[in-house]
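Each of the two blocks below gives one form of the same protein chain as structure tokens; they are labelled structure 1 and structure 2.
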Structure 1
Amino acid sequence: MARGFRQKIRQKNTENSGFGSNASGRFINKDGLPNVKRRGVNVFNRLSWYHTMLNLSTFRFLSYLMVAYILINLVFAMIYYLIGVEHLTGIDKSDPLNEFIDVFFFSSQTFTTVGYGRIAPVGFTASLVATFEAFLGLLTFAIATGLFYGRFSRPRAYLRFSDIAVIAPFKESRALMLRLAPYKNNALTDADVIVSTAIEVIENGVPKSNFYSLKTHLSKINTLALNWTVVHEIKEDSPFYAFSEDDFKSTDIEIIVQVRAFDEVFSNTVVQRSSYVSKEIVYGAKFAPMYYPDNNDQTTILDLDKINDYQKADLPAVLETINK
């Protein structure tokens, strides 16, 4: 960090970031979640298993269900086996392994309530266990139903943020720009954006993060159907006003973006966040267009693969004037 750096920022920092000025590392991860670990309490109270199940990938979620299904059946197979295979009709008693295989499948036929009846319980104990297992099976699938619904009905913004932010020429001056676009067939309206930044400064010899809110050129749009380039003009009221290319590179900067919009399918407000640290900011570049009319001029094509496309752009020589 350049010496005398603190004086370059004349804006008042904000205190309502929710992060302490001596928290460490990135504040917001690229996926928008805060970079905080929790300790204490016990792990069961600290984890919302429902939130956890909702955040799993589809593959892992299905695998967990599968593994649970097999484990539960193994446990019940064990119980039926211990009770004695003579309490089940139709068991293949040729050898112990076949016996166990048959009780395992009896268990699965009970848990899923298929109940072919080729194997069926006789007598109190086996019937009682089967009664409980069928009940447990139905509750398990009741929970699975809820989890599936929770997973796919969870309102999400489905926004793709550009991987990089750029410092681009804007009017007579410079602007910090980043962009985002909806990538799924959802319909977002009434979108707004809030941008803030954390800048590490040295105060009395101690490094410390200050937070500043960044004004944007347009902070609300009616329909979020095409890409949205968020523009923070670097004017006198910007903490970056006196920043040179070198300052952007050598300072610990984090740009935090939050987009909020109304999803018309879910009829719900959705929020998505991302953040950009110093090395994700390209100085002297501008984004390339990412939408264009289709051939017969009847609709607009949004090409999501171009979201990170940018080209070099010369910035006006404003710093000389400022630092004079």
Structure 2
Amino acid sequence: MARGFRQKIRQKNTENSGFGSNASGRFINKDGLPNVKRRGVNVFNRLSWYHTMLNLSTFRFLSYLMVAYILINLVFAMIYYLIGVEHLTGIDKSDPLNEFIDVFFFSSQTFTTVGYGRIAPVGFTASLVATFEAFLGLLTFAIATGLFYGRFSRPRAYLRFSDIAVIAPFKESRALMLRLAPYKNNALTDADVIVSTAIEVIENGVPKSNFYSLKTHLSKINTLALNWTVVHEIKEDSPFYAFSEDDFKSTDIEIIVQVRAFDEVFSNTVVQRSSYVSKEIVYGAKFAPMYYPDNNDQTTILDLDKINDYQKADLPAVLETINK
């Protein structure tokens, strides 16, 4: 069975994929990051906290900062409370809750080095803790400022990939198509795309992934302003040349796509990746248009909500010719 299946693939597999042939699951996640978990080192050496914080969504990043800020002030508020509120002037001592609230806000004022002056430490121990907290606050806000700047200034491609790829009619044959589009107002030029595929076969009872480079009909464009439909024509040199609809559905396939472009504002090259597995490939379909002129016919409207829209399409009967 495996030998007959390999006979359908006429292209020689490539050895420079960067992935092992026996890896599990998909190789590239939809967000473009490798689907790899590392073991053998502790969490501090396994993760780059700087890269982790830069890659977080804006909501999660701000949430983590807020939670960390509240927790730090709660810890110092408990320390001040344990030292004794009598070592802090200006505390409302009407009840324990008001005492702790005043201590918490004193901690936040010390941590941010604001220091309104109503509450002040008295004695060596409270002053020492306040000094250390102010020093820690300076370091923390310096780190937070650096993270904010890194997130704000980091060049990104800001590309949105379609959730699906399609097997569509192309000329007198078929083609694998996927599309992408920029979703921000950054200017990308000299964009090129590299597409490869991993196809799982069984050799000696062991599943193995073979990698193949996929030639694209247009591998480079001068300006990436509208959507770009990446087309791999399924010809004789394609690993999918003899694949039927059932082959696409029953075979473990992953299409890996990488787009590289030049950002004119940052004067830097940006890269973004994505991938498509078998269940994300729609056979016998073609993408619907996603841009159109405005009412005055003066501007082109790029509707990003339509990036996944497709229509059913009849494919030419090429398999009968191939099998002969």
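Residue numbering: sequential along structure 1, first residue numbered 1. Between two forms, the rigid core is defined as the largest C-alpha subset superposing within 1.5 Å. Small disclaimer: the values here were computed from a predicted structure and weren't measured.
The chain as displayed in structure 2 is taken from the form predicted alone. Rigid-part assignment between structures 1 and 2: F61 and F124 are grouped in the same part by superposition fit. Superposing C-alpha atoms between structures 1 and 2 reveals a rigid-body rotation of the smaller part against the larger of 12 degrees. For F100, the displacement of the CA atom between structures 1 and 2, after superposition on the rigid core, amounts to 6.1 Å. Superposing the rigid core and comparing between structures 1 and 2 gives a CA shift of 3.1 Å at M66.
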